[in-house]
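The chain below stands alone and is given in C-alpha cells; this is the form predicted alone.
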C-alpha cells in the first residue's frame, strides 16, 4: 500500500528534524533534545520507511551514522567505516534474548545446536574516536563524523594521557584502534568546582565535556580537561594476525598498553547476556563514569564476518540500553521551598516524565542565578537529567520550541510561608526569609539554636523533642517554650512526668541570662558568639541594639557591612520584634548597662587571640575573663592584635604572632595581666 500524502510529509519532517539534531549533537556539541527523544524520532522514521519503501530517500539519516565534519578540521576518510550499532531499548531481559534469537536465526542454528558465545562490555557515554598507529607510533586521531568521514583531531588526542603515544611490545605495521574518550564523574565535578572558583564557564555534563574538549581548536584548552579513554575495537590492520575472538582481541590491546575497561565478560547464550545487563545495572550508580547501556557482540571474529552488516549496522552486535537519563518535558511552574535556615530555593514543577527508571515531577533549580544562567522560563520545553541516576536536574531549555507564551521567573520579595521580607546578601546567591523567629519553615532550627548550650542553655531540649513539639503544633516560636506546662509535655512520646518537670525547670532557669547570650540565641544570620558579645558590650541594651541603623552597627569592632545589614534586616522584621516582646513578657531577662563610651577595665581596648591548650583554663573560661576585664577576643591574628595567649600545641596562630612581633604570653602571663590595675601596677 502506497504512503499517504500525510505519511510522506511526516517522513520529510522527520528527516529534516533528525538532521538538525544530528548537527547539534555531532557538529556543535550542543544537543537540543535528550537521547531518548532522538531515538523515538529515529525509530518512527525507520518504521515509516520500512512500511513504505518509496519514502526511503537517498539522503535519509537512517542510511548513515551522524553529521558532516566541521569545516575547520581536516577531513579523515575511514577506510573501514565507523558504524553505529543497533539499539535494544527494552530494559528487561528480553533485549538480550531478542538479540540472541536474531543471531541464531542468521546463522541457521536450531534448538539442538550449542549456544553462541558472546562478549559483553559497557556502552560509554562519550565521544567515539579512531587512533591510527603506524609501527607502534600514534600518527593520527580522528572523530567518527558521519561514519565514512571524520575530523582530524590528532593534536588534541595527543593531550589525553590515557592514550599511549607508543604501543608496547611487537607492534604491527598498522593498527587502527577504536574507542571512546570520556570524562569521569569525579574529574568532571572537580573541573567544574575549579571553574566556578575562577569565575569561568562550567561544563554541562561529562559527555558534552569530553566531546567539546576533543573538538577545541586550541590543544592547550584540551590539555586542561581531565579526559579518559577506553579501547573497544579495531579498524584497519596490517601486519597482525588477529586473535580468533573479540575478547582475545581486547586482551591483546591491553598487552600493547591500551586501556580497556575491566567491566566485561564472555558468556554462552542469552541468559549470560541478560545476567550481565542486570549486574551492571546494579552497580551503574557506583561506576566512576557515565554509561547508557551495555554492548553485546558475537565473540568469534569468524562468525562476525559471516554475519556481516545490514544497512548502517553490524548484525553481530547490539547496544542494550538502560532507561534514559535524559528526557524532554514541560516546565509547568517554578515554586519556592523554604529551608530550615530560611533559604528560598526555587523548585521546578514538571509535567511527569519517565527518566532513568522513575517518574520525575520535581527538580531543584538551586537559586535565581542558576535559572538566569540556564535561561529557563515557565512553560518551556526542558531537558531533564537524573544526575548520577539519583538527583533530577533541569539541564536546560529547548529555546526553538518556545511559542511566546512562556514567562520569566521572578524571585518573590516576601517569604511564601510566613510573609516576612525575603532578602539576598550582596555576597550570596541565596535569597533568605528574614523572619527567623517566626517562620514556620524555620521553627525547628530556630528552637534548637535558641535552646543550645551557648545560647539560652535549655538542658533536655534536643532534636527529637523539638520535632514532637513542632509537629504536634505545641510550640511555634521560642516564646511558646515559656508557656509550656507539665501536662502538655507529659503527653509526648518518651516524656514522663519527671522528665517534663525537669524540662520545665530548665526552661524557667533560662529566663535569667545575659544580653550577649540572648542576642546569640536569636539566630541572626552572620552573628556568632563573639559578635553577640561585642554587640551587647557596645550597645548595653537590647532596645539600643534594635534601633541601630547599619552605619551605627558598623561602629562595633569587626562588624562589617554584610553583618550590619543582616542585623538591621532581622530587627526590621515586625514578626521578629513581636516574638522578642513575647519573650520579654514571659520573663526572659538580663542585666543591661550603659552604651559603650569607652570600655573600662584592666584590659580595656586590648585585643587577644587564644591558641593551643592552657594548663587549667578552657578557651571559653579564658575568653570570659578577658572580656570581663574589658578586653576583646578575636579568632585570628593580625596587626591589630595586642596579645596572643599560647598554650601547648599552639599552631599557625603562634607562628604568625612571632612573625608580626606580637607579644606572646602563657596562662600565667594572662593572669598577671588580669591582676594589674589600670596603671599597670599589680593590685
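Positions refer to the first chain, counted from 1. Fair warning: this is a prediction, and the values are worked out from it, not measured in the lab.
Only in words, not in the display: the form predicted together with a small molecule, which the text now covers.
Site annotation in the model of the complex: the residue of 562, 85, 271, 190 reaching within 4.5 Å of the small molecule with a heavy atom is 85. Contact annotation: of the candidates 316, 438, 539, 276, the single residue with a non-hydrogen atom within 4.5 angstroms of the small molecule in the model of the complex is 316. Within 4.5 Å of any heavy atom of the small molecule in the model of the complex lies no heavy atom of residue 151. Looking at residue 124, you'd find a heavy atom of it within 4.5 angstroms of the small molecule in the model of the complex. When the small molecule is considered in the model of the complex, residue 249 lies well away from it, no heavy atom lying within 4.5 Å. In the model of the complex, the small molecule sits within 4.5 Å of a heavy atom of residue 295. Heavy atoms within 4.5 Å of the small molecule in the model of the complex belong, among the stretches 308-316, 391-399, 111-119, 154-162, to residues of 308-316.
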